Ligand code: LIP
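As structure tokens, one chain now follows by itself in the form predicted alone.
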């Protein structure tokens, strides 16, 4: 592990400890709603402030874009953080959430990590160095038949329900086991780890995918060209798959892969 990935691991593990302590607090995390099914807790803000302070201390001059407090979208070196991806799960006492932290350098993902604190799982990658889960090299699934495949399809309240339901139906008719677990970042990590064959969502924000897309690529998978000029400010569709089902899943979802 080099200095960069060591720093990323230390930051996300410390942030994860904050999340775990809050989740296990007898008073439980209080939450509010930013919008329909858009949860916010005090811990979201606390974790993001911690990450920003750590990046400023360790990497002075680098910019940060976060879900809660925004930030730059045109910096040469940009850290992108989702302090709690799966906040609804976190707030409702479902132990399926994580922190996602990725480093974008001149528009290309170079390193990132997803840490799921309740099961102590660290997914981490650096470009050209592979993807790892708790020290074990990850590789995407080798499944080649949709009737044996698992596909997670994310949903966003920003879009109408009909296209989401239509995609779920197409996936089921193709024979996939279709799931939705409430964390896009972990959905991508699970594709990288070979636990599912695909993650798709019609619209997702940059902070949800800034680590996961690199994990999938470094684990031998395929992803769409998410990082268009508007991606940081507006989000984009996302599709991440294994190699052997990539063509079929691209047609099924209508999302082109790189």
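Positions refer to the first chain, counted from 1. Owing to the predicted nature of the structure, the values given are computational and were not obtained by experimental measurement.
Below, we turn to the form predicted in complex with this ligand, even though it does not appear here.
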This ligand: the contacting residue among 180, 139, 127, 170 in the predicted bound form [heavy atom, 4.5 Å]
180
Does any heavy atom of residue 208 come within 4.5 Å of a heavy atom of this ligand in the predicted bound form?
yes
This ligand contact in the predicted bound form: residue 150, any heavy atom under 4.5 Å:
no
Does residue 204 reach this ligand in the predicted bound form, with heavy atoms at most 4.5 Å apart?
yes
Decide whether residue 158 counts as a contact residue for this ligand in the predicted bound form under a heavy atom distance cut-off of 4.5 Å.
yes
Candidate stretches 85-93, 71-79, 112-120, 170-178 - the one whose heavy atoms come within 4.5 Å of this ligand in the predicted bound form
85-93
